[in-house]
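Two versions of one and the same chain are coming, encoded as structure tokens; call them structure 1 and structure 2.
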Structure 1
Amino acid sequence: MAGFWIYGEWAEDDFHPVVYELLGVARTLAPRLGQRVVVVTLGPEDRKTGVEKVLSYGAEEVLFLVHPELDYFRDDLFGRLLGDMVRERRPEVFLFGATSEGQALAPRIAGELGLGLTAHCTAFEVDEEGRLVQIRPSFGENIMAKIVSRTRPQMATVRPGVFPKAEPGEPRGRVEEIKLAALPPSALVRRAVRPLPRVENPLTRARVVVAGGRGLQSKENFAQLFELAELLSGAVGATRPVCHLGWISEEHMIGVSGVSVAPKLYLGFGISGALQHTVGIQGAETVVAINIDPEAPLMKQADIAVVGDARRILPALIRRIREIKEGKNGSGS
């Protein structure tokens, strides 16, 4: 049977975005592992047409467990049902988004079946032995760890926003519907759902991210980032220390403790480039670093490394871009 499985977390009327990101991962890895890409999802019958959508994004099959009472996530119930499916079909790989749902579910399955589970992977490889090598940052140090699982399926979680979404194409494959006659018992009943004040974070979708670190030296210097962001129709990001210094609120934090961004352009002013920060900018297309220290890690991994005092380069950049936008000297340099 086997298969490269992805957990199909459902969010209102479509799969959670991370499912499409995992499909992008699966598209390159599954053929190398000789596996079919399968999205496994649970829900009531009326989701039938909705769940077909992933067949246009690289899923070769959707395994759809159907019961009217699967309309919301229950940790113990979903864990039990998926655990049973894993026992029966023996997939080779099972990936989960590290959302609140995926992080509740994946370890339950791992615990029930005695499986290895690698958390928050930021890259994958396939080795000569055909194993899935799971790569994750680790331990407050600037190091990455390569991890393999001795058990099958090889299970891992991936944070949303780390990988790009799969591109749509011609649909293929089909939905296999498994109608469940009865459900195992659950200790959980949903009583209510209350929306939290909406914190739509513009960072995660921004085309341009202007980020600042401790090298900007003061809140006043840091505040100039907002001017630049506005000029470039971008969003402002930050490192953890400057959030803790109170230069900006924590929603702007990029990295393992904050958000991941995937802009076309990322500019980092006075940021050293600790791994905890840079895992969050892995998806950035062009990285520019501005730092007095040419040896800073972020400078080493930037497309364009600008050596100099960020406190002076930032206003110079704002002036220059404003001139261009206002049409003066519009032909560039």
Structure 2
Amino acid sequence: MAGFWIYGEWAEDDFHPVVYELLGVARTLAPRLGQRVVVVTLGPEDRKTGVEKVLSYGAEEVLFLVHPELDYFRDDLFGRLLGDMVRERRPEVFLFGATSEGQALAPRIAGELGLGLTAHCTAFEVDEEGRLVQIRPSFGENIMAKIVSRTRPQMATVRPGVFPKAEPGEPRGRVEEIKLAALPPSALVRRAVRPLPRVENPLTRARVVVAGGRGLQSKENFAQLFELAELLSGAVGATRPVCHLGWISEEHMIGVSGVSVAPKLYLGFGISGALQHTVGIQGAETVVAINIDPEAPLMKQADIAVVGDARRILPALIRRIREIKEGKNGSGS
């Protein structure tokens, strides 16, 4: 077994942001497993300069499979080529971002090789036997399951935004170019490709997130969060039940079924704090919860817990912030 592998998903002119998040994970875990950090990516030869970038973010080696026909992702072709690499190099761990590309590719490789795969991991540990423990919500998202793979490599997909990105430093390691002389005939399909621009969800980069749950009790009450978010230069998030009620679109959903956020300040109004939601706010620096129930899970988890009716506190907070911004409080502070 050799290597803590990361799939190097390419997005336009750089690696997908989740690759840098996985590098942060690998830099912590790989030494404890006695493994080197390896990024495995595929593409045409003119991508080499961009590929070298990850050597500054903790990658000790890059395996770069090169062929002109690898300019665009195809799960069947990429899966076949990476499956061959796994058979040949026998890595200990292989992580993928839980993006649309990663979720198409990882199960294909796992199925082809008869390997286990843990989806949507939100945390990792190394146990006393030196095995990677993969942690994810399970059983209706009410518990955090700890999973250990019996097969090698230990494969998992990781939700984007859960882990902080690796910090750059002095580059080390090297890029190993593996030039493919030929591809399977079925792969040589001429096509026109017009990639869509990647649109980042504002929640994933917001420094302030204001979120609401069913405790706000109506779509009209929930809509006030947009006013508060504007005052705080933040973004609006929501729980899954609120999205299913139609109060807001699902792109605002935080948690297992939505996005993960890591703001400096998170404000939760009328949110009980089911595990499905709270796994998405693990990266928040300060959590403030407003709920009428002091025993709600989010209230116990919060740095600041305010016991009260979120429907009344939300408009009062908006008024007070407006007064401060307009200098009506007498001191201007």
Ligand SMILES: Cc1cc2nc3c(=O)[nH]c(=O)nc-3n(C[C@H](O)[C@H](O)[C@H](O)COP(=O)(O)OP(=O)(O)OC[C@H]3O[C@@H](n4cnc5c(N)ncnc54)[C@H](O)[C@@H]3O)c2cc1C
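Structure 1 provides the reference sequence; residues are numbered from 1 along it. By rigid core we mean the largest C-alpha set that fits within 1.5 Å across both forms. These numbers were taken from a predicted model, which means no experiment stands behind them.
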Can you spot the form predicted alone among structures 1 and 2?
2
Answer yes if the Cα of R207 shifts by 2 angstroms or more between the two structures on a rigid-core superposition, and no otherwise.
no
Quick check on Q217: with the core superposed, does its CA move 2 angstroms or more between the two structures?
yes
After the core is overlaid between the two structures, has the C-alpha of L23 moved by 2 angstroms or more?
no
C-alpha positional change at A316 between the two structures - rigid core reference, Å
3.2
